[in-house]
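So this first bit is one chain, no partners, the form predicted alone, shown in structure tokens.
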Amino acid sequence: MIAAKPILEAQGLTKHFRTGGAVSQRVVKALQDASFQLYPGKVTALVGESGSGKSTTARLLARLYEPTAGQIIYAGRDTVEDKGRSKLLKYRSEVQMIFQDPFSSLNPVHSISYHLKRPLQIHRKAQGRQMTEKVHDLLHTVALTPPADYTPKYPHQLSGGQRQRVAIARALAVEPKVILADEPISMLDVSIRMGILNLMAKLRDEQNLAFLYVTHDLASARYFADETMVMYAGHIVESGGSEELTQDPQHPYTQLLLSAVPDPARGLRTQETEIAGEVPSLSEVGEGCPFAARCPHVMSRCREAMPPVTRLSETRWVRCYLFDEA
């Protein structure tokens, strides 16, 4: 059952990076005015092409980056002003991140036992004999059994799927309420991706976790997520229930994404589309809709200002002038 109140909320979240020297300095607009909510027991997917700002969003929520503007509200309180180590530790014990590459996110010189004990020590979740028992419980939870076979091993001795299960166990060690999963299956073999998705779905149900699932794969978002948000060039342009959004996309960019998905009914061919061009550089995004240069329905006002949010239903919205009631 989905809770009535969000546990983590982004309001107007914005992140700009400055690159180059004093003469050729540029501003990379990685994320622009993003607002959304994460609920206990619910998976929200963030979908888009590489470089669209998805991982930046997750890292902002994990407090690995400081936002340029906006609020990150956890349990009803804005956490952006929390700067001290103790406050950040408290927040990160509640909001944990699973990274894309399970090999680079694990230290190759330390055993699996060390990786799971370290967060328990830092956040004071267990000590003494309880530590070993907790480590074994975590490995049981992610289906790495018997635990004694895995604790003395090093990351290079495990398969990609096993390493990602260890990364998930490490995130669970501090008993979080929110999991930020940044492309958790993209580095894995296709044959084992479903197992990781099913594991995360089981954890969502058993522990009532709120998930942000970052992915470029609309098919996995439809399978795993309750709600899907579509991101393009730093802007979230459409949001709705995963099944409804994939069956009836409204924004021209969402339609482009879905047209690229092979369909068995067409012999695995993709749909033909009139949309051409490339994703714009995030340092060159202007004031208008970032998709205007590629959109087959572009109007003059699309290049002048970002379309406002238009509600299509209680759970569905889009940012496109094609639906602007004004």
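Computed from a predicted structure; not experimentally measured. In case it trips you up, residue 1 is the first one in the sequence shown, and so on.
If you look for the form predicted together with a small molecule, you will not find it shown, but the lines that follow are about it.
Val28 is the sole member of Ala293, Leu258, Val28, Val279 with a non-hydrogen atom within 4.5 Å of the small molecule in the predicted bound form. A heavy atom within 4.5 Å of the small molecule in the predicted bound form is found for one listed residue only; from Gly51, Gly70, Gly288, Gly41, this is Gly51.
Interface residue remark: Ser55 is counted as part of the site for the small molecule in the predicted bound form, having a heavy atom within 4.5 Å. In the predicted bound form, the small molecule lies farther than 4.5 Å from every heavy atom of Trp317.
For Glu183, a non-hydrogen atom is located within 4.5 Å of the small molecule in the predicted bound form, even though that partner is not displayed. Although the partner is absent from this view, Ser313 stays clear of the small molecule in the predicted bound form, with no non-hydrogen atom inside 4.5 angstroms.
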